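Take a look at this one chain, the form predicted alone, written out in structure tokens.
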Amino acid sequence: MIKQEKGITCENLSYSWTKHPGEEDYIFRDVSFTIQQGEFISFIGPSGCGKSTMLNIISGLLAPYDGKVIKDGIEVMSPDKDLGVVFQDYSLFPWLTVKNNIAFGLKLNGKSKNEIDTRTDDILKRVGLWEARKKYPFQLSGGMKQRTAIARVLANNSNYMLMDEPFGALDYQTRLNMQSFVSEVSAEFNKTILFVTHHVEEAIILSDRVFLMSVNQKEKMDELIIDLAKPIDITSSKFNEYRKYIINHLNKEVNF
């Protein structure tokens, strides 16, 4: 597989819970794919197929059993601030305000107070959190907590956002609002986004491509290119063709 200068290349990734040769219990094996810079990619599949594991390996939080991840021409060997992760549970510090949660990574990296204030204030305004900047996480709705978690990644200037079911705990209306917000973030900040979801319509609405994962994944993942004009009409025949294709894939997995 050719290593591109910008983007992510995964070469022959395998992961097994059992680390002893000859006793491997593979979640996925010899999986290879490439993500171009600026793409929005969703991973969808049944529980236990390795979606979150795949994201953790790409982010450098987890080492693969075999294979490698290459980001912008360099192999990922450990967590990298350019690979910002957004979790389902928000992972905010409850003792810090919204602004200080967003500023945390900048302080950790030794940025000056003036640089931190300038950067965080800009992000707060751009993502609609300025009025909530002095609030603590317990004072926020689920959507605002997740917006803060996303803003923290943006403040760190990560070029890649890895999002692990970030809207799974949100109610229907908040989820719709956050889908719009992430679409705006993708366009305005020109981020490459890798997005794990169980929600079929969400994957179609947000993505340039959808990777369909399987239990005991072997080699090439099924890939669906989403070719729909924005804003997407969810009543269109093409949207429902994509929806039917993904649902058929999931149904086959359930009956595996």
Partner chain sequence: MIVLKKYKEAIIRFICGTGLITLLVLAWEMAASGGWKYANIFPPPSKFIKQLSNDGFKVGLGAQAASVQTSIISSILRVLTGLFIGLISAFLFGFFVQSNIWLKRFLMPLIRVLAPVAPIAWIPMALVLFGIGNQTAVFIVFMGVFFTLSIAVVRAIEIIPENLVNSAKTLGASKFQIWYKVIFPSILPNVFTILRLNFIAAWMAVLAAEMTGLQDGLGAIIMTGRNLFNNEMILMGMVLIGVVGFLFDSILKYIQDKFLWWDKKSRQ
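Numbering follows the first chain given and starts at 1. Nothing here was measured: the structure is a model prediction, and the numbers come from that model.
FYI, the form predicted in complex with its partner chain isn't displayed, but the following is about it.
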| property | result |
| --- | --- |
| Pro94, heavy atom within 4.5 angstroms of its partner chain in the predicted complex | yes |
| Touches its partner chain in the predicted complex: Ser186 (any heavy atom, 4.5 Å) | no |
| Proximity of Phe138 to its partner chain in the predicted complex, heavy atoms at 4.5 Å | yes |
| Proximity of Pro79 to its partner chain in the predicted complex, heavy atoms at 4.5 Å | yes |
| Its partner chain: the contacting residue among Leu129, Leu170, Val85, Met178 in the predicted complex [heavy atom, 4.5 Å] | Val85 |
| Position in contact with its partner chain when the complex is considered in the predicted complex, options Leu224, Leu228, Leu61, Val215, heavy atoms within 4.5 Å | Leu61 |
| Segment that reaches its partner chain in the predicted complex - one of 69 to 77, 117 to 125, 178 to 186, 151 to 159, heavy atoms within 4.5 Å | 151 to 159 |
